[in-house]
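Given next, in structure tokens, is a single chain: the form predicted alone.
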């Protein structure tokens, strides 16, 4: 199994370099990488036996493959496949596919790692590949956004590296298992880096501008798969160390409310989706035992939404409300929005019910409130007018390619199939509760939210504020760790 895993990890990197040298074969080489990842991820989900591989004993470099890894790997494979289909007929160079494959392989490496040094190397590679993909169109806007992303990412990884060094100093090993032996400042620094890379709470406020301004397929990749790179190690650590789980859960709940709060009053559709991602990663870390399934359902739906919104004539909701979009595009938007809202027969329903079942007390009440807020947010997407007669490429619409339909149909079909992962969610009580939340959320959006045209200030997202927010999170983390672990 060691040889198969190492070969599988290195395959996308080899294919990525080959794509640069053989650009005419780049799309087909990407297909090979995606199929191999999908097969490996599904095997990890189905297998009942977790696998642990120790590669460098003295440094504690360890790979751990289990069902949790499987769900994240499958998410990465399906989102990359949809992005590949979308780009198939577009004039993308071999360099684009090289970066896409490097990004894909580095994400896989994160999802099977159980040590801090492997996570560091993979996160740095992901940061560079993401930077190059965001800047790919080479407009002044995307170059500025990509440099902003690279700077924030580098600062986050600097903090993370200092924390990883402190873990090694305490254990002579980079293994996750030695985390609690490290000083509190080491744990805080590691968490700070992961929170920022994962777009969690206020340290994730770099995310709305980055995801909204990138090209359509890059936005889908970032929000559907890349943001999970920072989340996966947090989930793994939360499952390993029960002492740390309440604090991570608290930040997850805060992130869920922050994202929903901003998204409720957002008028730009791409920014709304990006802000929703901050909220949804909060759900993922708040319920770590369901994190894999929740990440899969969110990744599929969010990639569908970004690919579709990129083909709408406008990003402003007010202007979209004054026009009509083709019914087929509206159908894609609605199906993905329903899944994130937790509508039955889609993967989001089982993921949300399962995640909320893991919570008790005030945490349960809080996340049920955040779930209602999510329904209100995505009602704004569902209520966009549409017409059966409106054609793609007609007035007020953009033309879409066959690759777009292949990509979104793959994602939507996967949402339907993944609905079977948690069938115990289909009880009468759960169905009635879900339908009540959805009807209440739609009513609140239609009768109340439309009456308020409030634009929340974006001052916290300014470049000069982002480092300050990271520092605030560091103080909160250190205080939280001191309160949870020292007493």
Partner chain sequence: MILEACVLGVILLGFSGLVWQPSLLLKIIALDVMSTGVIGYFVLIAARTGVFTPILFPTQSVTYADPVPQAVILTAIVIGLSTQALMLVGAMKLSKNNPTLELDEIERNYLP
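Positions refer to the first chain, counted from 1. What you see is a predicted model; the values in this text were computed from it and never measured.
Here the subject shifts to the form predicted together with the partner chain, a form of this protein not shown in this document.
- Segments offered: 354 to 362, 234 to 242, 215 to 223, 124 to 132. Contacting the partner chain in the predicted complex at heavy atom distances within 4.5 Å is 124 to 132.
- In the predicted complex, the partner chain lies within 4.5 Å of some heavy atom of residue 155.
- For the chain shown alone, residue 319 is not a contact residue for the partner chain in the predicted complex, no non-hydrogen atom being within 4.5 angstroms.
- Although the partner is absent here, residue 422 is not a contact residue: none of its heavy atoms lies within 4.5 angstroms of the partner chain in the predicted complex.
- Not displayed here, the partner chain is kept clear of residue 188 by more than 4.5 Å at the level of heavy atoms in the predicted complex.
- Here the marked residues 54, 289 and 334 all miss the partner chain in the predicted complex; none has a heavy atom within 4.5 angstroms.
- This chain is drawn without the partner chain; in the predicted complex, the residue among 258, 117, 184, 109 with a heavy atom within 4.5 Å of it is 117.
- Interface residue among 165, 382, 406, 179 relative to the partner chain in the predicted complex, by the heavy atom within 4.5 Å criterion: 165.
- Contacts to the partner chain in the predicted complex (heavy atom within 4.5 Å) from stretch 199 to 214: 209 only.
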